[in-house]
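The chain below stands alone, shown as C-alpha cells; this is the form predicted alone.
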Amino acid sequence: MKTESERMFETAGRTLPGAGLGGYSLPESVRLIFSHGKGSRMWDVDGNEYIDFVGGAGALILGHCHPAVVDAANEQTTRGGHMFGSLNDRAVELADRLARDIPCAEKIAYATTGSEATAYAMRLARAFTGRDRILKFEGAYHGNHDYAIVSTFPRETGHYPQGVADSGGQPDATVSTMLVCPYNDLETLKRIVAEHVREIAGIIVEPVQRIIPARPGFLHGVQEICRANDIVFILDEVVTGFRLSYGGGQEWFGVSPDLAAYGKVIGAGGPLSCVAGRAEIIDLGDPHRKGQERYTYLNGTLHGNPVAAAATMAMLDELSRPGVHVRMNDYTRELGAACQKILDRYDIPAIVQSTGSLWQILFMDRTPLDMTDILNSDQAAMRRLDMELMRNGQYVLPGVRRFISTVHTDSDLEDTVRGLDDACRAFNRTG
C-alpha cells in the first residue's frame, strides 16, 4: 500500500518539473512533502517529525506559526488582504518603521521578493550613475533574475572579471554587463575597478556570502572603493537583514551602504521585500518623475501587501526585544560546539562554520575565504552527511547553510546532537 507521500509525489511528478518547487531536488529515499509546522518543528504528510533548520530559507526567524505573527496576519486579512494602486495604512506604518530601523535607510521602496529587491537596487544604481555594469562576487546568490545568476554556481573559479551564465535562456547581454571578482579579495577588486571604473554603476555584496563571512576590513574596503570612484555600494541584506543583529550586516560589520536589499525576515514569510538607502537614489523611483531623465520604474502587484506588512511589524516587535539576537547567536555557537565534538569523535574531517545564527557543516579544515575554498572542499561528502541527517529527523537542504530561529530549544539541541551522532555512524559505515 502506498504512503501518502508516495501518492502525492506521483501527482507532483505529473504536474511539476522534477516534482519540485524550484532549484532543490532530493533522492527518492528522502523526498519529503510537508503538511504543517509549529515552532521549530515540521511534519510531513506521513506524520514524521523534523527539526527545521531551513526556516523558510531564513524567513521564519520566529519559527512556524508564531502567535504574534499569526494574529497580526489574521486580523489584517479580515480588513483586506490585498490592495493595489494606492497606499494602505499597514504599508505606510511599516515603511516609517523600516526607514527608522534600517541603519542606511533614508527612504525605502517596496518590492515583493529578495530577487526583485536586488534587481531594483541594480536598476537604481544604473540610473543614478548613468553606467551599465554591476560587479558581484563569485559564488554570491543575489536572486533568480538574469543579472543575478552569473557565476553563482561556478564549476571552476578564475577568468576574472568575466562571468559565466548559470541558466539556459539567459541573454548574453545580461552576462556581459556583470563583472565578477573573488570574495574577500580587495586587491583583485581594486584592479578590476581600475580597469572598468567608467563602466561600473554598482558593487553588490553579501555581508556573509552563503556561509563565508566577510574578512575583517573587507566590507569597509568595498565601501571605500565605491566612494572613491562614485560607484553605488549595494549591500545584499536579504539573508542578514534583522538576522545577524537587529541592524543586520550593517550593524554587525559597521558599514553604511548606499542601498541595501531586504527580503525573507522583511515579509515574515509573506510576499514583501524592499530596497532601502539614500533618498536621492530611492527617489528615482518616484512615479511623479515619469517622463523625466533617470526615472526608474519600480512596480509590482503585491508591493506593500497589507497582510505581509502587518505580519512584518509583529515580527519586528518580537525581534526588537532585548537579548533576542544575543540568545540566537549564543545558541548557534553552543550548537556548533556540540556538533563539532561529535564530528571529531568519529574522525570526520569537517568543521561547523557559523556567523550569528547562520551555520553549516563543511568538509574542510578552516573557515572558507571564497568560492575556490568551497569548490576545493569535499562537497560530495558534505551532501552525503546531510542526507543522513535528514534520515535522522533534521530538515536541512544538502550542501546549504542552516538557520537558527528564536524558538529553537534545548531539546532541539539535544535531539540534533543525538541525530548527528547516528548520522556520523551511518556515514562512516557507508564511506
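As the structure is a computational prediction, the values presented were derived from the model and not from experiment. Start at 1 with the first residue shown and count on from there.
Here the subject shifts to the form predicted together with a small molecule, a form of this protein not shown in this document.
Interface membership of K190, defined by any non-hydrogen atom within 4.5 Å of the small molecule in the model of the complex, is ruled out. Contact between H66 and the small molecule in the model of the complex is not found at the 4.5 Å heavy atom cutoff. Not displayed here, the small molecule is approached by Y141 to within 4.5 Å at the level of heavy atoms in the model of the complex.
Although the partner is absent here, R210 is a contact residue: one of its heavy atoms lies within 4.5 angstroms of the small molecule in the model of the complex.
Contact annotation: the small molecule lies within 4.5 Å of heavy atoms from the stretch 115-123 in the model of the complex, the single such stretch among 349-357, 180-188, 314-322, 115-123. V238 is the sole member of A111, I134, A308, V238 with a non-hydrogen atom within 4.5 Å of the small molecule in the model of the complex.
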